[in-house]
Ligand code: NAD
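Take a look at this single chain in C-alpha cells; it is the form predicted on its own.
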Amino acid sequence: MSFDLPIEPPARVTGWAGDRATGGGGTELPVFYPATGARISTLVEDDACAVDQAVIAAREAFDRGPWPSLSVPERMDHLERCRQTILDHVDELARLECAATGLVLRELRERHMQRAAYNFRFFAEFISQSAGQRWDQAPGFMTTVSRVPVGVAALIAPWNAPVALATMKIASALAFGNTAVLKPSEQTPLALARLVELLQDVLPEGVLNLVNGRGPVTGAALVDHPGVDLVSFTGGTQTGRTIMAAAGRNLVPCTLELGGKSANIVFASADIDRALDGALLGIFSNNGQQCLAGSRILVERRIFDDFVDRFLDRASRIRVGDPLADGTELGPLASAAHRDRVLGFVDTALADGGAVLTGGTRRDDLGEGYFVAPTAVTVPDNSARVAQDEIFGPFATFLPFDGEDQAISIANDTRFGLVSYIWSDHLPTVMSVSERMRSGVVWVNTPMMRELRAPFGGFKTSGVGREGGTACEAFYTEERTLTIPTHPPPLRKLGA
C-alpha cells in the first residue's frame, strides 16, 4: 500500500546562524516519511564549527542587540507576530510535521499548531503581568528586586511533538529577553526548520538560531559551548543525564523534562465510560509516543475484567492508517528502529510471564510504513519490565489492584514520576490518593489537561526543574537586587 506524501519537503535542511544558513560541516542524514518508509529529505548535520556560528550569532544578539532591552510592550508585539506567523502557515507547518513524524494531519492542524501559536500568546500575556519587588524596612533605604534575562539559551526539542513542544521553549526563552539556539531532533527537523526560517522576518537578527544533528555531535557541541548560559531539554532520561553532567561542568543551569511510566488508576467508584475514554486517549493519542502517556493502567479488581474487555473492544476498532485521512486515529511510529523497539517489548512481556491481550504486531497490510497495531498486555506484577521501562508507543500494560493502599504502592513503584491519572467520583478517594502520588502532575477524571500557568515537570528520573509561567520566569531570568539610600546616611570615616 502506498500513501501520498503530505507535502513536498525541501531537498536539504540546514540550520540558521543570524541571517544566514550555518555551514553544516557534518554528516548528511536521511529524513524518512514514516507512513511509507521512503527517504524524503536530507539533513545537513551541524558540526562544532557550525554550532559555534549559531551561538556567536545568539551571543551577539544578546550582548549588543536590542532584544534584551526592549520594553515589555515591544517584546509582546514580537511574540504576537510570532503567533500570527504560525496561524498564517498552519497547513504548511502541519504537513511538514506530518511528513517527518507520521502524526495524524488532522491532529497536527487542530491541536499541535494551535498549541504552538498559543504558547506565544500565553507568554506575551504573562510578561505583561510580571511584577518586581520593593522593600523599605531598612530605615533610609529602598531595595528593589527585578528580573533580567540570563543570556543565550540552548533549547533541545524532542521528536514526538516537535513544533508544539519546541515553541514552549522558544516562546518562554524569548519572552524574558533571552536569545536562543534551537536543536530539533535529527529525525523530525522539517517543520521546525521552516518555522525558524519564517520567524527570521519577525525577530531581530540572531535572536533565534537553529542547529541540526545528532545528540552526540551537534547536541554535545551546543551544550558544551562556553557561550551558552542555560539549557532546556525535553527527551529521554539517559540523554538527560548526559546533558546535566555537561551543563554541570560549566555551571550552566538546566531544566530537563524526561521520561515517564505513568499510572492510570481506575477505581470502581469512577465514571467507567469516561475512564475508558481517558485510558484510550492516555495511551493511544499522539500515536502512543508521549512521555505523559498513561501506560500502566491500574484497575480495581472488581471491575478489572469488564473494564479490560471494553478497552480491548475499543482498541480493536481504532482506525490505524494513512495520517492524511480524516478518519485515521493512529498513524505510524516515528522510525523503523522505534517500531522494532516497541514490538520487542512483546517478547519481554511474555518472558516475564505476561500475556498479550491485543495487538503486538506490525500492520503489514499497510505497506512499508512503521505501523503497529494498538497493543495491550497483562503481567503478573509491577516488577515486569514492561511495567518499569518506558516503551513510548501504543502499548498498554494492565495491572489489577485491591484498595487504595495497593494502588498507590504500585503507582509509586517506578523510577519515574512525571504524571499520574486518577479516575474516581468519590472525593475522599481522590484526595487521599492524589496527596500520596509521587509525581509532578496529577490529573483527576481527565486526560492530559495542561494549564500553562502551573508548573509541569517530574519527580525522580522524570526530570529536573519545571516549565510553565512562573517556573519559566524563574529559569529564564536572574534576580537583581538594587539598594538605594532614600536619605543618605552618614558614613564611618575610616582613616580620617
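Numbers follow the displayed sequence, beginning with 1. Worth saying up front: this structure is predicted, and the values here are computed from it rather than measured.
If you look for the form predicted together with nicotinamide-adenine-dinucleotide, you will not find it shown, but the lines that follow are about it.
By the criterion of a heavy atom within 4.5 Å, F123 is excluded from the residues contacting nicotinamide-adenine-dinucleotide in the model of the complex.
Although the partner is absent here, T239 sits close enough that one of its heavy atoms falls within 4.5 Å of nicotinamide-adenine-dinucleotide in the model of the complex. Though the partner is left out of this view, G360 does not reach within 4.5 Å of nicotinamide-adenine-dinucleotide in the model of the complex, counting heavy atoms only. Contact check for F398: every heavy atom lies farther than 4.5 Å from nicotinamide-adenine-dinucleotide in the model of the complex. The listed set G248, G132, P216, P226 contains one residue whose heavy atoms approach nicotinamide-adenine-dinucleotide in the model of the complex to within 4.5 Å, identified as P216. Checking G278, G177, P374, P158 for any heavy atom within 4.5 Å of nicotinamide-adenine-dinucleotide in the model of the complex turns up a single hit: P158. Of the candidate stretches 364-372, 300-308, 182-190, 100-108, only 182-190 has residues with heavy atoms within 4.5 Å of nicotinamide-adenine-dinucleotide in the model of the complex. In the model of the complex, nicotinamide-adenine-dinucleotide lies within 4.5 angstroms of a heavy atom of only one residue of 287-309, namely C291.
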